[in-house]
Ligand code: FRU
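Okay, here we've got a single chain as structure tokens, the form predicted alone, with questions on binding and movement later.
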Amino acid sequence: MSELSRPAFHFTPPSMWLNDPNGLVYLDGEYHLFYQYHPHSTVWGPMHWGHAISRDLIHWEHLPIALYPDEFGMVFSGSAVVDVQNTAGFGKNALVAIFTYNKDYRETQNLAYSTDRGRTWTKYAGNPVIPAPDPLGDCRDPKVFWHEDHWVLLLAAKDKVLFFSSPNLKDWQLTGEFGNGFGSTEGVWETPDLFLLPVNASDSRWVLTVGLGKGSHAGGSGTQYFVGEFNGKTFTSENPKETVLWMDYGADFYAPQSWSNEPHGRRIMLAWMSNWQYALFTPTEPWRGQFSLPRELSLVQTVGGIRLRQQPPAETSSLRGKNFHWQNVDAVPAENLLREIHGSTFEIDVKFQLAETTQVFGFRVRKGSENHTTIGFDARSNEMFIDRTQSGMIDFYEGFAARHTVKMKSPAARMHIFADRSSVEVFVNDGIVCLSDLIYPSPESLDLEIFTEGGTVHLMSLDVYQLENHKAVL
């Protein structure tokens, strides 16, 4: 597949291996994106922190590697903050990265700092700031943020999250833990994040997101979240232990992190688009690994409780090229309104209403003589789905060819789809449900189809934007 599969508008490394996003932070007009990077192979190995910057979350400039492994271990995942008050003594407005060293399965938490806008980094001479646990075990991926009058640090530890407090980023005290059977515990917990979001003008909740190493909704690794309260020391879920809430119902949304110090007060999150079941085998060269689109997060009250909403940020509109628009028309069986549109990358936004007899409605993207990916809503089972069983190259992993589904609480009425050269992301009903999957179609599969089975579908509005002429990574 070579460079033909490299996304047009999803972030990829210049070459070689990428996994978790790290150290997402904003400073002086630049969004910083660090990431788990192995610059010498297309498979996982000694971890570095790769580095890129952006002014709009969409167009990225690669910078030199920020953090290298050394005698203390590999540089695993972590976060970064702007130390506005110089609490650590590295300098006012210093960028401080908090990361896990891993050496011989010993995992310690450590600091590095930059006083030149993230261009060069110095590892703190007093590392580690949190030693390895005794007995040894999974204890990694620190997420740090300022809360009221102190720093808070979260660590993923087996099937729970540990909470620490510090006045200066250097001296940490354990204050609480969350887990103990809440949510899904089938796989190890990783990459925690915690943030406050408004529900309405007078109410708000804390949201805790956690990567799950295996056992996700679509199989393998995935991301769950919890809604509740944080008292500065620990988190409490407002849902019963058995409640499992998934951020994404596709197979490829893992290890998400949100930006610190976001200038507009938004909570913007990014995830690794892959799955540990097959991440080492995806058919791309000379690079392997990509990130999701950034997502703007909010909370909404639903019949089932307060739930997370994810939507593409306004900046994604900068990718739009030619627009095809329909208003108040009907899609009917055996007629493809999109037959004249061709290409490898699209944004599709449709608001619709099904007839009583309509069984299935959706789109086939990257369609060719031998492959296509189907995105649709099945009214018979009230399920949204992505079907990649005929999406192109699927034989590199036995379970890759699959149909990923999610039961809807209410019928689908809007689909917002981003199709890139090797992925699809679907935001349903204004992002209350999301599905994200990798795909590897043949280069000549460039057709686009809208379809309906069993009855008509009234399209209140349908917009298709071609995106392929926009270079997102510099």
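Note that residue numbering follows the sequence shown and begins at 1. Please read these numbers as outputs of a predicted model, since none were measured by experiment.
The same protein also has a form predicted together with this ligand, omitted here; what follows describes it.
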query	finding
4.5 Å heavy atom contact, Glu383 to this ligand in the predicted complex	no
Contact of Trp44 with this ligand in the predicted complex (heavy atom, 4.5 Å)	yes
This ligand contact in the predicted complex: Arg140, any heavy atom under 4.5 Å	yes
Non-hydrogen atom contact Glu190 with this ligand in the predicted complex at 4.5 angstroms	yes
Partner-proximal stretch of 69-77, 145-153, 356-364, 202-210 relative to this ligand in the predicted complex, 4.5 angstroms, heavy atom	69-77
Heavy atom within 4.5 Å of this ligand in the predicted complex - residue from Tyr249, Trp272, Phe346, Phe182	Trp272
Position in contact with this ligand when the complex is considered in the predicted complex, options Phe230, Tyr124, Trp259, Trp276, heavy atoms within 4.5 Å	Trp276
Within 250-267, the residues that have a heavy atom no more than 4.5 Å from this ligand in the predicted complex	Tyr254, Ala255
